[in-house]
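Take a look at this single chain, the form predicted alone, given in structure tokens.
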Amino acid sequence: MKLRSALLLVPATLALAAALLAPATAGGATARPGHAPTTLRELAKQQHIKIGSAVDVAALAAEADYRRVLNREFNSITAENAMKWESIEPQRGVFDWSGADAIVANARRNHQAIRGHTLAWHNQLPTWITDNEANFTAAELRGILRRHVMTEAGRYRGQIRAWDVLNEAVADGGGLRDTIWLRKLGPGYIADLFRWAHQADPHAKLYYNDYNLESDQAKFDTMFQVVTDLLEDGVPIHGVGFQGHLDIQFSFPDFAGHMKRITDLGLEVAITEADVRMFLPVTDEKLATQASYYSQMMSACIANRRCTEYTVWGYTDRHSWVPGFFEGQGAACLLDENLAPKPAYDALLALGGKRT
């Protein structure tokens, strides 16, 4: 997503390690054929998709109610910040895997798939990279990037269902985004990333991930050309992630049509970071619109057999990134600050049944 560089990972603590050793309280709920699902995990089983949430590692450590709902409701998780480069290698050659390892351990204990996020991005890079861009030769920076991809993807080899290999490399309005990677390495870095990731973990699905692909036609067209070129060159790419950060003040965009163009290439698609923000205060009318948007995103995924995943970018307003980056807006998640379900949660459960 955009503008998350200030969302710094809070390091995992001993409390998290203790929590992970405690007996699991969730487990995978069993879907009941012919019955309406009572949890999102049941809905996921009925629809044969992954339904996930981004995970706040500090909340996972400190909040038992947060852990309980996370593990009850979701059969897939994404590390919100703990797998980003600034979190795992804040100093060159000095690694901190505690947050990422804790999230992986929790997922494995609770039978959840894991989405890796993200191997390469222009934001949330460690300062030892951003402050020294002018000092790196292209060959040196390429080596640094390759080592990072091989190290992180290799550490979790066989444990990650899908990696967001490259995040937000296309500019708003089309064209490749002006990033340190493009400036120093040229556009060939994109193919290199996917080849390295596949070498490090040949079992993981490899995705390009971005926001506004459903609404910014020029941006989508650039992404589509990039992906098409990768396929023609035999580069191992398996899918495209549509982040799904929506705002109820705008009309619902064309997820179904744009997703179909990708799946017609033989690729997977996923909704990877869904939330639906609104200007505060909350009203019943706004909540109804929000519920419709969440439901329409899920319906677009269910209707496309190559849509593998529907992940929300945090499931509770208690830990949403939205208020910190959109002035006057919030209430973007499925559950409120007290973990009470909102109409959007019920709207998703109403989609229970066999996938058509």
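Residue positions are given as counts along the sequence shown, with the first one as 1. Note that the structure is predicted; figures quoted are calculated from it, not measured.
Only in words, not in the display: the form predicted in complex with a small molecule, which the text now covers.
**Student:** Just to confirm, with a 4.5 Å cut-off on non-hydrogen atoms, which of T179, Q124, S98, N110 contacts the small molecule in the predicted complex?
**Tutor:** Of T179, Q124, S98, N110, the residue with a heavy atom within 4.5 Å of the small molecule in the predicted complex is Q124.
**Student:** Please identify the residue among Y315, Y310, W321, Y293 with any heavy atom within 4.5 Å of the small molecule in the predicted complex.
**Tutor:** It is W321 that has a heavy atom within 4.5 Å of the partner.
**Student:** With the partner left out here, check for me: in the predicted complex, does some heavy atom of E73 sit within 4.5 Å of the small molecule?
**Tutor:** Although the small molecule is absent here, E73 would stay clear of it in the predicted complex, with no heavy atoms inside 4.5 Å.
**Student:** How about N106: is it within 4.5 Å of the small molecule in the predicted complex, going by heavy atoms?
**Tutor:** No, N106 sits far enough from the small molecule in the predicted complex that none of its heavy atoms falls within 4.5 Å.
**Student:** Heavy atom to heavy atom, is R277 within 4.5 Å of the small molecule in the predicted complex?
**Tutor:** Flag for R277 set to no.
**Student:** In the predicted complex, does R161 come within 4.5 Å of the small molecule, counting heavy atoms only?
**Tutor:** No - in the predicted complex, heavy atoms of R161 and the small molecule never come within 4.5 Å of each other.
**Student:** Within 4.5 Å, heavy atoms only, one stretch in 261 to 269, 170 to 178, 77 to 85, 189 to 197 touches the small molecule in the predicted complex. Which?
**Tutor:** Checking each option against the 4.5 Å cut-off leaves 77 to 85.
**Student:** Can you confirm whether H245, E273 and F325, the three residues that make up this candidate site, all sit within 4.5 Å of the small molecule in the predicted complex, judged by heavy atoms?
**Tutor:** The answer is yes: all three residues contact the partner (heavy atom, 4.5 Å cut-off).
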